[in-house]
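Only one chain is included here, represented as structure tokens and corresponding to the form predicted on its own.
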Amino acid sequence: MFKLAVKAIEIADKRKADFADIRIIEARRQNLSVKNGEIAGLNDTVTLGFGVRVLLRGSWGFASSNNLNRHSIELCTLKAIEIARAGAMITGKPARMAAEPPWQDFWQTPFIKDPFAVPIEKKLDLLFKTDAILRKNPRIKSATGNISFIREHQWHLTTEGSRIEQMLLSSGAGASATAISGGEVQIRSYPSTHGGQALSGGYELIETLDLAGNAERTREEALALLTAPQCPSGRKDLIIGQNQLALQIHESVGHATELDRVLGYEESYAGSSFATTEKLGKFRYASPIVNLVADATLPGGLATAGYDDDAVQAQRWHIVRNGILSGYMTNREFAHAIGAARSRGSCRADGFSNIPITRICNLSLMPGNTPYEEIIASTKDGIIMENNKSWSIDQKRLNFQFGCESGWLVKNGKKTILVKNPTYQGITPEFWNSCDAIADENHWRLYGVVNCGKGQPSQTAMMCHGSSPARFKKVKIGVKNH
């Protein structure tokens, strides 16, 4: 593949481009789903193509094709150069790239079992077994299960001399049961909502999740929610489980610290951010016990790779350190805006046909020192919420509301009754500053986000967020109306 790719580099060098790269990507995706005892989906697709990016006279040009041959690469490279030249005529401040050493490397996602080597029949058998258990009660009107895998083989070549080959692999699965009775509808998901759990790695993840082994509990919790009382309203201490906290981190910290968004480049479509650059190193984002770390080297992370799509080597850094805003998600183009000499490596594209943009990395809340049981025991009037059901956040990532599948009231240090339709709301810095307890590393878990949308045209990216359960004081709790 590199023999084909070098054609783009030769043309860009000859035209005196400031920078250029070509990414050739072969991707295989397999998705299986079962609903109510029947196959709802079975897809196994392979795509192959390339994208050429050129920075010329401070302006970007990009072109892509799924016709992988020397002639097509030549045409796309010349088209990208033409686009860059046209853009240079109207571009204001010229773009420039932060320095990065040239890398020649091969990197691969560690895995134990190749999921594409596991027979389809075995995967479907697991889904059918799970489905049968979920539907062992007539009040379960809908049961779904899904398994998915993605393998992406990348070849990346730049005018700076980087020559990077990567093999990225991810696996995911989930199941849910919808219970209906007397006009009441409740859903319970395992191990999390919005498609379930996904991590980088092989089929061993599916085996670890044990969908069938957790199906009975999932069913019974859905049924219990039908007759559970509504979540009470008022100010309570909120203990958030890891799967819901993953989305809280994603929406109120991850997106808020994407530097292109902070600088206004996403404002017309996906909004901006309150976490503006003059706050860096000064602003109290959260209470002093809160440390949020971005990590592209994190084992199991969906954004884990050897290098990003700017050919920047993977790194680990603080976004929030001891409660203070300490970093951003950066690429090589915007790193200068905060005085950084080097990008943090948060630049990724959705496949070969999209230009790389700044994306959230794996971002995790570091564990505290308190056993989870002690957090519950020290809570007088609180609620535990798990599994996201709905979310809403404003254009500056400040005001938010989240709904969850289930809540458990905590009274005088005891976990008491199950309640349904719980919601909570807050303002990002006030909320994070109310965090007064984070469970220890024994309860730390990593959850994947597989559907993060951004950009025009829209792109989808994946990343993970890890945390232990955490407590937030005097949060506004309410009821999700149907």
Partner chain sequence: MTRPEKICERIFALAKGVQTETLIERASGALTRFADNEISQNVHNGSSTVSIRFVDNGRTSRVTLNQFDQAALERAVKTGLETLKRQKKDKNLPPLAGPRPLERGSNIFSRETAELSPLYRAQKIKNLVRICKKAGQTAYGTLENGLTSYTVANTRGVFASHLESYVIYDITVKAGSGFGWAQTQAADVEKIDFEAVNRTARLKAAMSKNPRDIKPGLYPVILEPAAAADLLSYLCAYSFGGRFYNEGSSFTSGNLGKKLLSAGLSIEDNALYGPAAGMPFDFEGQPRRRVVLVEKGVLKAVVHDRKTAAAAGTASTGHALPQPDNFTPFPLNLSVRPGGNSVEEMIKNSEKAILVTQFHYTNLLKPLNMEITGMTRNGTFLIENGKISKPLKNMRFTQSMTKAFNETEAVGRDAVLCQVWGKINCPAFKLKAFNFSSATEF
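Since the model is a prediction, treat every value here as computed from it, not as a measurement. Residue numbers count along the first chain shown, from 1.
Not on display, but discussed next: the form predicted together with its partner chain.
K.L.:
Consider Ala340 of the chain shown here, and say whether it contacts its partner chain in the predicted bound form, taking contact as heavy atoms within 4.5 Å.
P.N.:
The answer is no: Ala340 has no heavy atom within 4.5 Å of its partner chain.
K.L.:
Do Gly264 and its partner chain share at least one heavy atom pair within 4.5 Å in the predicted bound form?
P.N.:
The answer is yes: Gly264 has a heavy atom within 4.5 Å of its partner chain.
K.L.:
Can you tell me whether Asp44 touches its partner chain? I mean in the predicted bound form, with a 4.5 angstroms heavy atom cut-off.
P.N.:
Flag for Asp44 set to yes.
K.L.:
Is Met97 a contact residue for its partner chain in the predicted bound form, using a 4.5 Å heavy atom cut-off?
P.N.:
The answer is no: Met97 has no heavy atom within 4.5 Å of its partner chain.
K.L.:
Name the single residue among Ile376, Leu409, Ala212, Leu398 that comes within 4.5 Å of its partner chain in the predicted bound form, judging by heavy atoms.
P.N.:
Looking at Ile376, Leu409, Ala212, Leu398 one by one, just Leu398 meets the 4.5 Å heavy-atom criterion.
K.L.:
Of Trp155, Tyr372, Phe352, Tyr307, which residue is found within 4.5 angstroms of its partner chain in the predicted bound form when only non-hydrogen atoms are counted?
P.N.:
Contact check passes for Phe352.
K.L.:
Would its partner chain be touched by all three of Glu165, Glu278 and Pro469 in the predicted bound form, meaning a heavy atom each within 4.5 Å?
P.N.:
Not a single residue of the candidate spot has a heavy atom within 4.5 Å of its partner chain in the predicted bound form.
K.L.:
Tell me which of 119 to 127, 197 to 205, 289 to 297, 157 to 165 has residues with heavy atoms within 4.5 angstroms of its partner chain in the predicted bound form?
P.N.:
Only one stretch qualifies here: 119 to 127.
K.L.:
From first to last in sequence, which residues of 244 to 263 have any non-hydrogen atom within 4.5 angstroms of its partner chain in the predicted bound form?
P.N.:
Heavy-atom contacts to its partner chain in the predicted bound form: only Glu251.
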